[in-house]
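The chain below stands alone, shown as structure tokens; this is the form predicted on its own.
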């Protein structure tokens, strides 16, 4: 008996032999996208259709837009199998960006691996703010750089600026250097391996310092979404209140900023009060300004360094 297509699962080939119904049914690009998007929606993924498309475009090695121009093209057995395997990886909690090996940020495409955080649209606020308040020639510093997405985005916008980028993970530094080379800014983006300001040359100061430090409370780690839990703990866990690394950044940033320079740090919205009223005033001459993302969430704080 042949199943109706709407009753058929893309995962059926795992369970049935080749002579069974799946191999008697033609699956087009449109069919597999609709099935995968519906499955991802049931699993409460944030962007189910987008993830289904990203995975399929990767499997077929075509631009995502081509999925729509080739909607009715049937998939051959090897393509179905590869897509099925990608879906299974996603269903186990692996981020789509790790499966395809790249992620867009600031309209640029970045290599990502399991050693770095997946670049997120919210972090683009760091780039936009730095560009708004700093002179175009920089220099800039990006701490906890991960894939290097913030540093490289700044380099792409400020063609004469020098950017230093720091990460404590040697594997993350390798990814950042590879991305700098990919975007042809390796001559202006220098990646340092080490703990925050420690590996930087003595006395070097910056027009703006950006940072997306680990800021998840230790008690919140277990409740993170499965795909986030696949990301490196060292880039997520920020201690009891999530501010272990942020406190150190705020404490040491003034000595590394030019007069008028600014520190911009991504935060958990729940940390805003403590940072604005306690941490910031201890090290800057101003309370600091809360920055909100496009969804209206408190996403970052900026402190401007003014000479006494």
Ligand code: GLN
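Positions refer to the first chain, counted from 1. Note that the structure is a prediction, hence the values are computed from the model and not measured.
Omitted here: the form predicted together with this ligand. The next part is about that form.
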Here the chain appears without its partner; judged in the predicted complex, the stretch of 71-79, 168-176, 90-98, 221-229 with heavy atoms within 4.5 Å of this ligand is 221-229
Mark residue 120 yes when one of its heavy atoms lies within 4.5 Å of a heavy atom of this ligand in the predicted complex, and no otherwise. yes
I'd like to check something about residue 138: if you look in the predicted complex, is any of its heavy atoms closer than or equal to 4.5 Å to a heavy atom of this ligand? no
Are any of the heavy atoms in residue 51 no more than 4.5 Å from a heavy atom of this ligand in the predicted complex? no
Exercise: residue 200 in contact with this ligand in the predicted complex, heavy atom 4.5 Å: no
Selected contact from 196, 131, 108, 216, since only one has a non-hydrogen atom within 4.5 angstroms of this ligand in the predicted complex: 216
Give me the residue from 235, 207, 126, 161 that has a heavy atom within 4.5 Å of this ligand in the predicted complex. 235
